[in-house]
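One chain follows as structure tokens, the form predicted alone.
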């Protein structure tokens, strides 16, 4: 992607300008971010996704002033009637299940893949919404069908109501108000309060981002580092041959504390251990993701990543779906291109080593990638 190219998606800003001026700083309203655009998924297709066991979905309703929420899956007959007001169906991770949603999500890859999360579709009947709230991550709200009225504000009081099953702000103080129509988009930084109400039937696509908490990330990385340590051929056990008898048995021995400290330091001191654990964590597929194997894949014309595959790299590794591989030289350049553009053509494969081709073939066998037919652009 050319990050210096003005984009209608960003209201004529380049990706570089948007990230510098707005990302995690201030909202951006873009009228006709996608001109003449219509929703790629129909209402019926969204409802069909919500009926599937492997798709995360929620139903939010306001009934006589009371908020209610249920978790899916939902058979069509379990959803309220279309003409009934004040209900919203939220379908998460649509990009994992539909190629059109995945293609739309790719337009936002001016943000690092490590931060890009998923595309959620919100279908709402007239008056539907989920209440005034804030997200802990950046979000692009793209209007796909109908109209939705958004009220937004820089909320100081983030306290939540304790009488509803949703994270609804107790004291919402909106500062601005916009009505979005199909093709319009609103970007909001983290913790920017917002409340969207459907004016008639509407669908909104939310492009969300990952923002791991520091404690959560530390826990995950330490767990992965400890698993590597457990793989040692001869585990080093704590020994205390010089331990004297104690009159206070509840006190933790200083030697054991030092042993624990040394264990952590050794795990972190291993070259690239932390980088490897981070890359594997960031590319780990979500729990509801599985892949369909492609037996005897032929890659002579090209290869493309499956839409569910997460692939990234650092200076020494390539990572895909929770696995890590050391990479250097021409093969590293090839794999980084695959991670950046998510496909390789026949000319790329012609320059690949036998080892790289064998690795790509194994990914196709696992369903992580697929053979890609040659296109006119490849000629």
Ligand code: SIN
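This structure is a prediction, so every number in the text was calculated from the model and none was measured. Positions refer to the first chain, counted from 1.
Only in words, not in the display: the form predicted together with succinic acid, which the text now covers.
- The three marked residues, 133, 148 and 204, each reach succinic acid in the predicted bound form, with a heavy atom inside 4.5 Å.
- Proximity to succinic acid in the predicted bound form, defined as a heavy atom within 4.5 Å, singles out one entry of 308, 276, 194, 224, which is 194.
- Think of it this way: in the predicted bound form, succinic acid has a heavy atom of just one of 120, 304, 79, 168 within 4.5 Å, and the residue is 120.
- Residues placing heavy atoms within 4.5 Å of succinic acid in the predicted bound form fall in a single listed stretch, namely 83 to 91, out of 155 to 163, 254 to 262, 216 to 224, 83 to 91.
- For the chain shown alone, residue 141 is a contact residue for succinic acid in the predicted bound form, at least one non-hydrogen atom being within 4.5 angstroms.
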